[in-house]
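One chain follows as structure tokens, the form predicted alone.
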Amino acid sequence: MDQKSLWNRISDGLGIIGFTPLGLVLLIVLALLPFVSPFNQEHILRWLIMGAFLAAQCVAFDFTAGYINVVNFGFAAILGAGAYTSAVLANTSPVISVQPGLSPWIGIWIGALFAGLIGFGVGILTLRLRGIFAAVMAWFVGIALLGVANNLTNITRGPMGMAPRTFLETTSNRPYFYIILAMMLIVYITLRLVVRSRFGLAFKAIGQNFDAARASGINPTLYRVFNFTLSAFFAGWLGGFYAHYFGSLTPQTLMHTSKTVEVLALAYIGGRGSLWGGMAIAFPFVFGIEALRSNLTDLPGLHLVIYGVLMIAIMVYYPAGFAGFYAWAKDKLSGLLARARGQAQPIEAP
């Protein structure tokens, strides 16, 4: 087997799970960063963790917004439902009325299942709605979940907040970084495999033209419900990580619509319908935003203004986002290399 054939097989294998050789190299670099100064400092490790956490959310969010063309404005609330479910199941403190004392490693999966059930319900509710109407319905569900978390004080403690058990008995952030990095990869690879299957083809058809997809024999009910359920399942799973990493939960800081808008902005700037675009830009965005927050403490909410300006710029000048720019640059570079190779070939004598 020659080297070119081996390289092609490796590239094809990586492509199945949604990676390129460059993406694999960047992932390895990311995994090694916690051992390199200054990234081994605890506060920067927290930035890396938040980057991976937001990256995983972008993938799950884009799975719905980018493929079936429905913006789930209740995404953060569904994530919060998974977080609260896992936190309550792990509780051993008498400050709330139930103390099941379940391991957080088990509770996050139950929280994910509960969030998936909510996603199933949202999918059912939005079956006959399209575009902005489906998004508004998902938003109403999110507001309802936020209200439940605020008012069910005997279980969630409402605005007073609760302090869930953490995964590990350590003050180091490094183990948590590898936990969320593994979760991010599981979310991405799983949804990438789904997108590459017949389900992905049906999602794209529904997102591009609902009526034409139905006329061609696709059952929108089945695929939309499946999409919402799977996206919500992973949102709830990630919410469980949030609960047992930060060890602090309040409805406003986790379930507010502004948290959904933050994920939406990253997914759209990264490239709607790409899955990996939002994941790729989440890390530099987190570092940039945290640096601004550290130096401009008298301007709260500045990150949302920046997200808004960037979203407007993307929609006006480059709707394909970062993923589209990468594809354009890759094609340009390939063309330049091909022309350079053609010019370098010796001209044979007649």
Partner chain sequence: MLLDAERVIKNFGGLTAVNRVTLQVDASQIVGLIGPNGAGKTTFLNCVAGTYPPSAGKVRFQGKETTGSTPEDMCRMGLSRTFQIPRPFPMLTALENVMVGAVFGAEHGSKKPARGRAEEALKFVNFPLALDTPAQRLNAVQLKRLDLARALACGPKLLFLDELASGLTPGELDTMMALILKIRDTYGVGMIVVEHIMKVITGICERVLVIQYGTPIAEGTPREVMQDPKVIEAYLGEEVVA
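Residue numbers count along the first chain shown, from 1. All of these numbers come straight from a predicted model, not from anything done at the bench.
Only in words, not in the display: the form predicted together with its partner chain, which the text now covers.
Does any part of A213 reach within 4.5 Å of its partner chain in the predicted bound form? Heavy atoms only, please. Yes, contact at 4.5 Å.
Is A202 part of the interface with its partner chain in the predicted bound form - any heavy atom within 4.5 Å? Flag for A202 set to yes.
Residue-level question: is R198 within 4.5 Å of its partner chain in the predicted bound form, judged on heavy atoms? R198: yes, in contact with its partner chain in the predicted bound form.
Contact with its partner chain in the predicted bound form for Y188, defined as at least one heavy atom pair within 4.5 Å: yes or no? No, no contact at 4.5 Å.
May I ask you to choose, among N154, T170, S248, Q208, the residue with a heavy atom within 4.5 Å of its partner chain in the predicted bound form? Filtering the options by heavy-atom distance leaves Q208.
Exactly one of Y242, W237, Y223, W276 has a non-hydrogen atom within 4.5 Å of its partner chain in the predicted bound form; which residue is it? Selected option: Y223.
Pick from 253-261, 171-179, 214-222, 112-120: which stretch has a heavy atom within 4.5 Å of its partner chain in the predicted bound form? Among the candidates, contact is made by 214-222.
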